[in-house]
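Below you will find one chain, with nothing else, as C-alpha cells; this is the form predicted on its own, and questions on how it binds or moves follow later.
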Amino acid sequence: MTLRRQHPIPLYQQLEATLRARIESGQYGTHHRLPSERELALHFGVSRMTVRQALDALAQAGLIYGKVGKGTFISEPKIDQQLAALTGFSEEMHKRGQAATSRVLKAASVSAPKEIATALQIDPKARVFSLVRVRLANGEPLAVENGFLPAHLCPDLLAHDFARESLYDVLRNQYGWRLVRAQQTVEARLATPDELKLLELKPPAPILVMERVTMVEQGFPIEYVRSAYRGDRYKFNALLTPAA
C-alpha cells in the first residue's frame, strides 16, 4: 500500500492502518518480528518519527510488543471471552485448544470478611475457603483469581490439587452442585505492583477486573471471585438485544 501524502489522514495513521491490516489478516504471524524502524521508514518513504508514532499506536492497542535489543514482534491475539456463558477459566482455555494450569498462591480456610459474607449470603465470620491462583494458558500467566467458597457447601475442598484440577469440575462432579447463573461486573484499571509481578507485565499495564457471584440451582451463591485479567490479552464480548 502506498501512503498518500496529500490525504487529510496523517501519515502515521495511514501507516498504522496498513500494518494493522497486515497483522489482522495473518500476513504477519504471531511473534513474527517486524522490520526495524529504519527499514519501515525506507520502505514507506516516511520519517522514523512517523514510523515510531504508528508503532506506538499499535503497541497501545496490544497488537505488537517490543523486546529490548531484539526488535518489535506481533502479539498473541486477544482472548475473546463471551459474557453470556457461565464457564470457568479451564473450560475456556480447553475450548481454544490451550493447556490450562494454575499456580496456587493460597488455599486456606478463613473467617469470611464482612463483604464476602454478604456476597455469599452467609453469617459474618463463617468459614470460607480462600483460593488464590495465577491462571496460565500454555504456561503464560493471564489472570490472578481470588475466590471464596462457603466451607459447609464443599467440605474437604482443599484436598484437591487446584494447580491442575478445575474448580467448577470439582463442584459439579464431587459435590453435585449445578452452577446455573452468575452476576458479574467488569471494570478497567492499572495493575498493582503485585499484579505486574504475577502477570509478568511492565508498568503501566491495564488490567480488566472481574467480580463474579456464582449461583447454584437451589438459588444461593456458592462462589465469590475477584479476578484480574491482562488487558493486553483479553477482551470481553456480550450480545445485546433491544429493550422490550
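Predicted model only: the values in this text are computed from it and were never measured. Don't overthink the numbering: it's just position in the shown sequence, from 1. Take the two forms, superpose them, and find the largest set of C-alpha atoms that agree within 1.5 Å; that set is the rigid core.
Omitted here: the form predicted in complex with the DNA. The next part is about that form.
Enquirer: Check Ala119, Arg127 and Pro155: does every one of them have a heavy atom within 4.5 Å of the DNA in the model of the complex?
Expert: No, none of the three is in contact.
Enquirer: I need to confirm a contact call. Of Gly69, Gly219, Gly176, Pro193, which residue comes within 4.5 Å of the DNA in the model of the complex, counting heavy atoms only?
Expert: None of the others qualify; the residue that does is Gly69.
Enquirer: Which one, Leu208, Ala205, Val46, Leu58, lies within 4.5 Å of the DNA in the model of the complex by heavy atoms?
Expert: None of the other options qualify; the answer is Val46.
Enquirer: The chain here is shown without the DNA. Which stretch in 23-31, 37-45, 184-192, 208-216 comes within 4.5 angstroms of it in the model of the complex, by heavy atom distance?
Expert: Contact-bearing stretch, as computed: 37-45.
Enquirer: With the partner left out of view, is Lys197 within 4.5 angstroms of the DNA in the model of the complex by any non-hydrogen atom?
Expert: Judged by the heavy-atom cut-off of 4.5 Å, Lys197 is well away from the DNA in the model of the complex.
Enquirer: Do Leu11 and the DNA share at least one heavy atom pair within 4.5 Å in the model of the complex?
Expert: Yes - in the model of the complex, heavy atoms of Leu11 and the DNA come within 4.5 Å of each other.
Enquirer: Once both forms sit on the same rigid core, is the C-alpha displacement of Val51 at or above 2 Å between this form and the one not shown?
Expert: Yes, its C-alpha moves 2 Å or more.
Enquirer: After a rigid core superposition, would you say the CA of Leu15 moves by 2 angstroms or more between this form and the one not shown, or not?
Expert: Where the cores coincide, Leu15 still shows a C-alpha shift between this form and the one not shown that is 2 Å or more.
Enquirer: Comparing between this form and the one not shown on the rigid core: C-alpha of Leu34 shifted by 2 Å or more?
Expert: Comparing the forms between this form and the one not shown, which are aligned on their rigid core, Leu34 does shift its C-alpha by 2 Å or more.
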